[in-house]
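Before any questions on how it binds or moves, here is one chain, the form predicted on its own, in structure tokens.
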Amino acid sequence: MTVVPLRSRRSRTSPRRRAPEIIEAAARVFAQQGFHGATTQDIADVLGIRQASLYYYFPSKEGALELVCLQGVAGYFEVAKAIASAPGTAAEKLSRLIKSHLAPLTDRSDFVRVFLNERQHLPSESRRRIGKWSRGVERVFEDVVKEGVRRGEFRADLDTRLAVLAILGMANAAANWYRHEEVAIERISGEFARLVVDGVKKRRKPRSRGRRVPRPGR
């Protein structure tokens, strides 16, 4: 697969200022070709620089993958914590959590895809560093779902852990098929939020109409 080069920039740009461009190129290559299918030469080609120049920014292809994965998960935990601690019902918070979880697909889709699909190729120590952020997000979702059960908003028989895994599984899967030119992410996140919240809400008992007393002789 041919990866489109990034728009060239002046070579006088300082290394520190060019770091985001380097990581963006790595994210694009890993997202399109996969970690094993990509090489550092592919990343250099996107940037129009020598392969050796990349090692100023990361020591290896695995190092580049870790930086991309960190960008892929960056901000998720902080935003989720802010939503969970804000005023509102558990249903409102859960809806906002789902929408915020999908929002980065509009401007950081390559980073998100790499985090979701390629982080298993990281060395074990790197996976642990990255994994703590995704586990933190899971805990925030689960705390909100438990809050809803405790307040009587959500079904008492809800398995909160399974519910959270299902919610995140559905939201994360969108990264692999979402295309911004086909449908707006706001529409997708709105539909997902309604589907989830309607599914976990406590069901109202139907009003009993009372039993009809049969008339004599019938």
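Residue positions are given as counts along the sequence shown, with the first one as 1. Because the structure is predicted, anything quoted here is derived from the model rather than measured.
The same protein also exists as the form predicted in complex with another copy of the chain; that form is not shown, yet it is the one meant from here on.
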Within 4.5 Å, heavy atoms only, one stretch in 52 to 60, 66 to 74, 163 to 171, 39 to 47 touches another copy of the chain in the predicted bound form. Which? 163 to 171
So, in the predicted bound form, is Arg96 in contact with another copy of the chain at a 4.5 angstroms heavy atom limit? no
Is Gly199 close to another copy of the chain in the predicted bound form, meaning a heavy atom pair under 4.5 Å apart or at it? yes
Can you tell me whether Leu158 touches another copy of the chain? I mean in the predicted bound form, with a 4.5 angstroms heavy atom cut-off. yes
Would Ala19 count as touching another copy of the chain in the predicted bound form under a 4.5 Å heavy atom rule? no
Can you tell me which bits of 112 to 126 touch another copy of the chain in the predicted bound form, meaning any heavy atom within 4.5 Å? Gln120, His121
